[in-house]
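Single chain ahead, by itself, as C-alpha coordinates, in the form predicted alone.
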Amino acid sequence: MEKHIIEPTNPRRDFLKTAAIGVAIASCGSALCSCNKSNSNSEDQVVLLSPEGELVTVDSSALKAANKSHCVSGEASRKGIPGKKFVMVVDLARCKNAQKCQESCDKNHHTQYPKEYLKVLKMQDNPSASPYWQPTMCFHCDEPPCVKVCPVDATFKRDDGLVLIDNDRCIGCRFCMAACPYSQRVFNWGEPEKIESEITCKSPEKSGVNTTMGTVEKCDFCPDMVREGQMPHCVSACPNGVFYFGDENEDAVSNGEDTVRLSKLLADRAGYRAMEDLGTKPRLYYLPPVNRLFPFEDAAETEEDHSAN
(Lines give C-alpha, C1' and ligand atoms only; values in the text may rest on other atoms or scores of the structure.)
Protein backbone atom coordinates (compact mmCIF):
# COMPACT_ATOMS: atom_id res chain seq x y z
CA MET A 1 0.00 0.00 0.00
CA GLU A 2 1.28 3.43 -0.85
CA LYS A 3 2.24 5.50 2.20
CA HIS A 4 1.48 9.17 2.53
CA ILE A 5 3.89 11.63 4.09
CA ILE A 6 2.43 14.04 6.62
CA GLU A 7 3.19 17.59 5.58
CA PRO A 8 4.34 19.89 8.43
CA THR A 9 1.55 22.16 9.53
CA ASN A 10 1.82 25.91 9.43
CA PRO A 11 -0.39 27.47 12.14
CA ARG A 12 -0.38 30.85 10.40
CA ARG A 13 -1.32 29.36 7.05
CA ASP A 14 -4.01 27.20 8.65
CA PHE A 15 -5.46 30.25 10.39
CA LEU A 16 -5.65 32.20 7.13
CA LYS A 17 -7.35 29.31 5.36
CA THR A 18 -9.87 28.95 8.16
CA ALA A 19 -10.52 32.67 8.27
CA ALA A 20 -11.09 32.76 4.52
CA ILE A 21 -13.59 29.93 4.73
CA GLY A 22 -15.19 31.44 7.81
CA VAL A 23 -16.13 34.66 6.04
CA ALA A 24 -17.35 32.61 3.05
CA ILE A 25 -15.88 34.77 0.35
CA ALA A 26 -17.25 33.56 -2.93
CA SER A 27 -16.00 36.33 -5.19
CA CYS A 28 -14.90 39.95 -5.23
CA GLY A 29 -18.58 40.86 -5.31
CA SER A 30 -19.04 39.55 -1.78
CA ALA A 31 -20.39 41.95 0.81
CA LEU A 32 -17.14 41.58 2.72
CA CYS A 33 -14.89 42.25 -0.22
CA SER A 34 -13.36 45.69 -0.36
CA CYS A 35 -11.85 45.46 -3.82
CA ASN A 36 -14.05 48.26 -5.10
CA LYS A 37 -13.84 50.51 -2.07
CA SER A 38 -11.40 53.20 -3.03
CA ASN A 39 -11.88 55.07 0.24
CA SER A 40 -10.93 52.15 2.51
CA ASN A 41 -7.82 52.42 4.60
CA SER A 42 -5.27 49.92 3.27
CA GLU A 43 -3.98 49.33 6.79
CA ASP A 44 -7.42 47.93 7.72
CA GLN A 45 -7.44 45.46 4.84
CA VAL A 46 -5.95 42.01 4.49
CA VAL A 47 -5.48 39.75 1.49
CA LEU A 48 -6.86 36.22 1.85
CA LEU A 49 -7.15 33.12 -0.28
CA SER A 50 -10.80 32.28 -0.97
CA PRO A 51 -12.08 28.68 -1.04
CA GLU A 52 -12.08 29.00 -4.85
CA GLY A 53 -8.36 29.74 -4.87
CA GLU A 54 -8.66 33.46 -5.61
CA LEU A 55 -6.87 36.26 -3.76
CA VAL A 56 -9.40 38.69 -2.30
CA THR A 57 -9.09 41.78 -0.12
CA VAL A 58 -11.35 42.10 2.89
CA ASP A 59 -11.74 44.54 5.73
CA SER A 60 -9.94 43.27 8.82
CA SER A 61 -12.95 44.12 10.98
CA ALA A 62 -14.92 41.41 9.19
CA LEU A 63 -12.47 38.70 10.21
CA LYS A 64 -12.66 36.64 13.34
CA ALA A 65 -10.23 33.97 14.40
CA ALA A 66 -11.65 30.48 14.13
CA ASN A 67 -12.66 29.04 17.47
CA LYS A 68 -10.68 25.85 17.87
CA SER A 69 -11.75 25.33 21.46
CA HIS A 70 -14.92 23.46 20.54
CA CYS A 71 -16.16 20.79 22.90
CA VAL A 72 -15.58 17.15 22.11
CA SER A 73 -18.10 14.68 23.48
CA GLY A 74 -17.05 12.35 26.25
CA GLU A 75 -17.43 9.34 23.98
CA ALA A 76 -15.31 10.90 21.22
CA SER A 77 -12.61 12.01 23.64
CA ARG A 78 -12.33 8.49 25.04
CA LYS A 79 -12.34 6.77 21.66
CA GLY A 80 -9.77 8.99 19.94
CA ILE A 81 -9.23 10.03 16.33
CA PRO A 82 -10.24 7.24 13.92
CA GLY A 83 -7.52 5.60 11.86
CA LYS A 84 -4.63 7.22 13.75
CA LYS A 85 -1.88 5.76 15.89
CA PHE A 86 0.17 8.64 17.23
CA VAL A 87 3.84 8.35 18.11
CA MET A 88 6.63 10.68 19.22
CA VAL A 89 10.38 10.46 18.68
CA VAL A 90 12.85 12.57 20.69
CA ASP A 91 16.25 13.19 19.08
CA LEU A 92 18.66 13.57 22.00
CA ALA A 93 21.44 14.68 19.65
CA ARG A 94 19.52 17.89 18.97
CA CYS A 95 18.64 18.87 22.54
CA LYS A 96 20.58 21.72 24.18
CA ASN A 97 18.14 22.37 27.04
CA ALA A 98 16.65 25.47 25.44
CA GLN A 99 13.60 24.95 27.68
CA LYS A 100 11.20 26.27 25.02
CA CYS A 101 9.31 22.97 24.98
CA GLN A 102 8.75 23.09 28.72
CA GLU A 103 7.79 26.77 28.68
CA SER A 104 5.22 26.20 25.94
CA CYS A 105 3.82 23.12 27.67
CA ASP A 106 3.49 24.98 30.98
CA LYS A 107 1.84 27.97 29.34
CA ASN A 108 -0.70 26.05 27.29
CA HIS A 109 -1.60 23.58 30.04
CA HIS A 110 -1.56 26.25 32.77
CA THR A 111 1.00 24.40 34.88
CA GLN A 112 4.10 25.50 36.71
CA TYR A 113 6.87 24.07 38.88
CA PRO A 114 6.71 21.59 40.52
CA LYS A 115 3.56 20.43 38.67
CA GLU A 116 4.97 20.08 35.17
CA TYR A 117 4.03 17.67 32.41
CA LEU A 118 7.41 17.90 30.65
CA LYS A 119 10.86 18.06 32.21
CA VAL A 120 14.30 18.27 30.60
CA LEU A 121 16.59 16.08 32.68
CA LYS A 122 20.36 15.95 32.87
CA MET A 123 21.38 12.36 32.10
CA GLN A 124 24.72 10.53 32.33
CA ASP A 125 24.91 6.82 31.55
CA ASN A 126 28.08 6.27 33.61
CA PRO A 127 30.78 8.37 35.32
CA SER A 128 33.05 8.19 32.28
CA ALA A 129 30.39 9.13 29.73
CA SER A 130 29.46 12.61 28.64
CA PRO A 131 26.18 13.94 30.07
CA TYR A 132 23.27 14.90 27.83
CA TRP A 133 19.81 16.43 28.07
CA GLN A 134 16.68 14.27 27.91
CA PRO A 135 13.15 15.69 27.58
CA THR A 136 10.84 13.41 29.54
CA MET A 137 7.04 13.22 29.60
CA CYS A 138 4.28 10.60 29.56
CA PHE A 139 5.21 7.64 27.38
CA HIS A 140 1.62 6.79 26.34
CA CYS A 141 2.27 3.07 26.67
CA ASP A 142 0.37 0.49 24.64
CA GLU A 143 0.33 -1.66 27.80
CA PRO A 144 -0.15 1.09 30.41
CA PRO A 145 0.02 -0.08 34.04
CA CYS A 146 -1.76 3.12 35.10
CA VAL A 147 -4.90 2.16 33.19
CA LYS A 148 -4.99 -1.34 34.65
CA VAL A 149 -4.96 -0.17 38.26
CA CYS A 150 -7.43 2.73 38.03
CA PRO A 151 -10.56 1.66 39.97
CA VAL A 152 -12.92 4.20 38.37
CA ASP A 153 -11.81 4.17 34.70
CA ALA A 154 -10.54 7.73 35.02
CA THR A 155 -7.34 7.02 33.13
CA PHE A 156 -7.86 5.28 29.81
CA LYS A 157 -6.15 4.21 26.58
CA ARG A 158 -7.59 5.51 23.31
CA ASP A 159 -7.66 3.73 19.95
CA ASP A 160 -5.28 6.35 18.54
CA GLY A 161 -2.59 5.45 21.09
CA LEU A 162 -2.98 8.31 23.58
CA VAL A 163 -3.43 7.74 27.30
CA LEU A 164 -5.61 10.42 28.89
CA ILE A 165 -7.19 11.22 32.25
CA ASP A 166 -10.83 12.11 32.82
CA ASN A 167 -10.50 14.67 35.60
CA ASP A 168 -14.21 14.42 36.45
CA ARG A 169 -13.87 10.70 37.19
CA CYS A 170 -10.56 10.87 39.08
CA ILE A 171 -10.95 10.27 42.84
CA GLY A 172 -7.34 11.00 43.72
CA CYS A 173 -6.41 7.52 44.92
CA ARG A 174 -3.03 7.87 43.15
CA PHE A 175 -2.90 4.17 42.24
CA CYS A 176 -1.92 5.25 38.73
CA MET A 177 1.00 7.30 40.07
CA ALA A 178 2.27 4.28 42.01
CA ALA A 179 1.89 2.02 38.97
CA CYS A 180 3.67 4.30 36.47
CA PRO A 181 7.28 3.07 36.19
CA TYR A 182 8.31 6.39 34.63
CA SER A 183 6.93 8.65 37.39
CA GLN A 184 5.29 10.89 34.81
CA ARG A 185 2.12 11.90 36.67
CA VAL A 186 1.51 14.89 38.90
CA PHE A 187 -1.03 15.47 41.67
CA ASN A 188 -3.09 18.56 42.45
CA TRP A 189 -2.28 18.98 46.14
CA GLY A 190 -3.78 22.46 46.27
CA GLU A 191 -6.60 24.30 44.60
CA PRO A 192 -5.51 25.00 40.99
CA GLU A 193 -5.51 28.56 39.75
CA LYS A 194 -8.79 29.45 38.07
CA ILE A 195 -8.19 29.96 34.37
CA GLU A 196 -10.03 32.53 32.34
CA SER A 197 -10.96 30.56 29.25
CA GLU A 198 -13.47 30.56 26.44
CA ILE A 199 -13.84 26.82 26.90
CA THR A 200 -17.29 26.22 28.36
CA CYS A 201 -17.10 22.45 28.72
CA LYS A 202 -14.70 20.09 30.42
CA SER A 203 -13.06 17.35 28.42
CA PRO A 204 -10.12 14.95 28.84
CA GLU A 205 -8.75 16.61 25.71
CA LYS A 206 -8.47 19.95 27.55
CA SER A 207 -6.10 19.02 30.36
CA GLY A 208 -4.89 21.85 32.56
CA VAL A 209 -8.16 23.79 32.21
CA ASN A 210 -10.62 23.80 35.13
CA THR A 211 -8.78 21.05 36.98
CA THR A 212 -9.72 20.03 40.52
CA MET A 213 -7.77 19.68 43.74
CA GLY A 214 -7.12 16.06 44.64
CA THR A 215 -6.86 14.77 41.06
CA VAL A 216 -4.04 13.53 38.83
CA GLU A 217 -2.70 15.10 35.62
CA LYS A 218 0.02 14.38 33.05
CA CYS A 219 1.28 15.00 29.52
CA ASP A 220 -1.44 14.26 26.98
CA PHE A 221 0.33 14.88 23.61
CA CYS A 222 -2.04 17.87 23.17
CA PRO A 223 -5.02 15.96 21.71
CA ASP A 224 -6.99 19.17 21.15
CA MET A 225 -4.18 20.44 18.88
CA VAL A 226 -3.80 17.08 17.15
CA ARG A 227 -7.53 16.92 16.43
CA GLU A 228 -7.17 20.24 14.58
CA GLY A 229 -4.25 18.95 12.50
CA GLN A 230 -1.66 20.84 14.56
CA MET A 231 1.50 19.66 16.29
CA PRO A 232 1.73 19.27 20.08
CA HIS A 233 3.01 22.45 21.74
CA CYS A 234 6.42 21.01 22.61
CA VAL A 235 7.03 20.07 18.96
CA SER A 236 6.16 23.46 17.51
CA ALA A 237 7.99 25.40 20.25
CA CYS A 238 11.34 23.60 20.03
CA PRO A 239 13.85 25.71 18.02
CA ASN A 240 16.12 22.76 17.29
CA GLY A 241 13.71 20.13 15.92
CA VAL A 242 14.17 17.76 18.85
CA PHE A 243 10.63 16.36 18.78
CA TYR A 244 9.15 14.35 15.90
CA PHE A 245 5.44 13.60 16.01
CA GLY A 246 3.21 11.71 13.64
CA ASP A 247 1.11 8.70 12.77
CA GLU A 248 2.55 5.20 12.99
CA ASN A 249 -0.12 3.96 10.58
CA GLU A 250 1.27 6.36 7.97
CA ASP A 251 4.86 5.51 8.98
CA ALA A 252 5.67 9.22 9.03
CA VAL A 253 6.72 11.75 11.66
CA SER A 254 7.62 15.43 11.47
CA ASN A 255 9.41 17.97 13.66
CA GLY A 256 7.67 20.84 11.89
CA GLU A 257 10.37 21.24 9.24
CA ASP A 258 11.44 17.75 8.21
CA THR A 259 9.05 14.89 7.52
CA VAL A 260 10.62 11.43 7.59
CA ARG A 261 9.71 7.75 7.61
CA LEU A 262 9.27 6.59 11.18
CA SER A 263 10.59 3.08 10.51
CA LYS A 264 13.67 4.36 8.68
CA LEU A 265 14.41 6.98 11.35
CA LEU A 266 14.30 4.40 14.13
CA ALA A 267 16.32 1.85 12.16
CA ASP A 268 19.02 4.27 10.93
CA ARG A 269 19.42 6.04 14.28
CA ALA A 270 19.05 3.03 16.61
CA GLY A 271 15.84 4.31 18.18
CA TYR A 272 14.91 2.79 21.52
CA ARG A 273 12.20 2.97 24.20
CA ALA A 274 12.80 3.56 27.90
CA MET A 275 12.76 0.47 30.13
CA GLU A 276 11.85 -1.76 27.21
CA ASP A 277 12.12 -4.86 29.40
CA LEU A 278 9.04 -3.84 31.41
CA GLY A 279 6.77 -4.67 28.49
CA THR A 280 4.83 -1.40 28.68
CA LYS A 281 5.44 -0.69 24.96
CA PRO A 282 5.81 3.11 25.09
CA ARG A 283 4.75 5.21 22.12
CA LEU A 284 7.66 7.56 22.75
CA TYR A 285 11.03 6.68 21.27
CA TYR A 286 14.47 8.16 21.84
CA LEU A 287 17.32 8.57 19.39
CA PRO A 288 20.75 8.29 21.10
CA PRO A 289 22.79 11.47 21.69
CA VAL A 290 25.33 10.57 19.02
CA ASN A 291 27.04 13.27 16.89
CA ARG A 292 25.33 15.98 18.91
CA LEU A 293 24.60 19.34 17.34
CA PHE A 294 25.53 21.21 20.54
CA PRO A 295 28.14 20.72 23.25
CA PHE A 296 26.71 19.93 26.66
CA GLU A 297 26.32 23.00 28.85
CA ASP A 298 25.02 22.76 32.40
CA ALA A 299 23.07 25.91 33.24
CA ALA A 300 24.01 25.70 36.93
CA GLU A 301 27.72 25.27 36.18
CA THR A 302 27.64 28.15 33.71
CA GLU A 303 26.07 30.46 36.31
CA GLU A 304 28.73 29.47 38.86
CA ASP A 305 31.51 30.22 36.38
CA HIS A 306 30.08 33.67 35.70
CA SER A 307 29.64 34.47 39.40
CA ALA A 308 33.23 33.39 40.12
CA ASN A 309 34.50 35.87 37.53
Partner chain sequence: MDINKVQSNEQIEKDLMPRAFGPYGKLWVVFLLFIGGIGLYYYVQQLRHGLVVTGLRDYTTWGIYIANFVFFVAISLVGSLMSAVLKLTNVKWRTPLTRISEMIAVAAIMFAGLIIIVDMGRPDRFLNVIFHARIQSPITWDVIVITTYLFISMLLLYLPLLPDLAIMRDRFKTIPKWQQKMYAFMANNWKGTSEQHKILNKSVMLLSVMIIPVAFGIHTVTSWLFATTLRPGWDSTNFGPYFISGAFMVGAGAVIATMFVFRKFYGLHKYITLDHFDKMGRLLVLLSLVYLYFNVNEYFVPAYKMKGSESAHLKELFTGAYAPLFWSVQIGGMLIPIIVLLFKKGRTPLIMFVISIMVIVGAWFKRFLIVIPTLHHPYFPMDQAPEAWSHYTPTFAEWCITGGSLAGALLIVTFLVRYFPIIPVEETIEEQKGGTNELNIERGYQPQIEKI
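Residue numbers count along the first chain shown, from 1. Here the structure is a predicted model, which is why all the values come from computation and not from measurement.
Just so you know, the form predicted together with its partner chain exists too; it's not on screen, but the next bit is about it.
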| item | value |
| --- | --- |
| Contacting member of 236, 167, 111, 77, with respect to its partner chain in the predicted bound form [4.5 Å, heavy atom] | 167 |
| Contact of residue 148 with its partner chain in the predicted bound form (heavy atom, 4.5 Å) | yes |
| Interface membership of residue 183, its partner chain in the predicted bound form, 4.5 Å heavy atom rule | yes |
| Contact test in the predicted bound form: residue 123 vs its partner chain, heavy atoms, 4.5 Å | yes |
| Partner contact for residue 119 in the predicted bound form: its partner chain, 4.5 angstroms, heavy atom | yes |
| Residues within 4.5 Å of its partner chain in the predicted bound form, restricted to 271-288 and counted by heavy atom | 274, 275, 278, 280 |
